[in-house]
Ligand SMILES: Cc1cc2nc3c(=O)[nH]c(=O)nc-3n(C[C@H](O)[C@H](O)[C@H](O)COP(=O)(O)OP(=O)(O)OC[C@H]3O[C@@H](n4cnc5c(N)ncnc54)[C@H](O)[C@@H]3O)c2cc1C
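Shown here is one chain on its own, the form predicted alone, set out as structure tokens.
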């Protein structure tokens, strides 16, 4: 295993711009004070570990939380050749983890002791109790975890590679799903420098694109959303016999609000979402009329914050599984999900949102997702560079889309009936 930090990680951190999470070292890799350490240690157990002890690996679920008391912990992943590289090294007073410590998804990186070390270990239950009790420490941890995931996404670290034709509907569908679920990935469009060599190196069949290559070397061709979520560990096991206090169907702004309010009152809550948190609002480039954000916020950022907030309070999310039926029996509701999954709950909130309106145009379906889009995010903006674009609609979303895309397209036409 590589002992030194990888050249890629070093370059990412040394060239960080002011808006880059790596430039905020005191926040992304904070050191707790002696007084905070004393409080935190009381929630777990102390362990003396020899150098090279594996604490967790990519793909694990429910990894423990570690605070370094002496020595260090190296955070590593596999590069494109399957060779382990070190992302960063946590020293005395620093801690491990990122956003997946708030859920049961597969974690993205591994951790091991670089030298003989003493650590404080907190199980998930101990971590949750500490986090909810020690609010000042919890705030430091939450900020660090958000920045760490943002850095992964910004620098294509700890993710997967997506290969496909740049205007392919399926290629864009996969990117959109990963982006909206906050999963890091490197997009490799055919025709761009290096993509063909990458595909050659890893024996990717170019006749079956799009393809998703994981860090383990597995290649998945044209996966469905559900299959991709399963392969990447985005889906969490749902106990069909467990009775939740509340099941929320839909994870748009209404569903996420219900989730946060319920979970914060210690109501056992699960949210069912067919694709990703945010709903239609998650595809908006900027929302200016949402309470509490006077300067506006992107739909994706709003959804991401609410998703994290819900998990912080203990809510569970069932992603990439649409609800197909609801039945009532013995004062309980049973929700049937795709792929033969069931959820039982005492109460249900339906926050199913709306469906997009379409235009009665010839060959409309042929161009959906590859020329005709229902969103104006950074992903769609990349497709509009130096192109003439028509925004159809006269509401707030259409106006925001026109303003946002004007910074990328050569000309914007706004069509209002």
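Only a predicted model underlies this, so the values are computations on that prediction, with no experimental measurement involved. Numbering follows the first chain given and starts at 1.
What comes next is about the form predicted together with this ligand, which is not displayed.
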Legend entry - Partner contact for residue 188 in the predicted bound form: this ligand, 4.5 angstroms, heavy atom: no
Legend entry - residue 280: touches this ligand in the predicted bound form, heavy atom cutoff 4.5 angstroms: yes
Legend entry - Interface membership of residue 322, this ligand in the predicted bound form, 4.5 Å heavy atom rule: yes
Legend entry - is_contact(residue 255, this ligand) in the predicted bound form, heavy atom dist at most 4.5 Å: yes
Legend entry - in the predicted bound form, the residue from 164, 114, 250, 184 that sits within 4.5 Å of this ligand by heavy atoms: 250
Inset, instruction - Report the residue, out of 133, 328, 289, 266, that has at least one non-hydrogen atom within 4.5 angstroms of this ligand in the predicted bound form. - result: 289
Inset, instruction - Run the contact test on 300, 364 and 391 with a 4.5 Å heavy atom cut-off to this ligand in the predicted bound form and return yes or no. - result: no
Legend entry - Proximity to this ligand in the predicted bound form (heavy atom, within 4.5 Å), stretch among 381-389, 347-355, 56-64, 38-46: 347-355
Legend entry - Residues in 256-274 close to this ligand in the predicted bound form, defined by a heavy atom within 4.5 Å, in order: 272, 273, 274
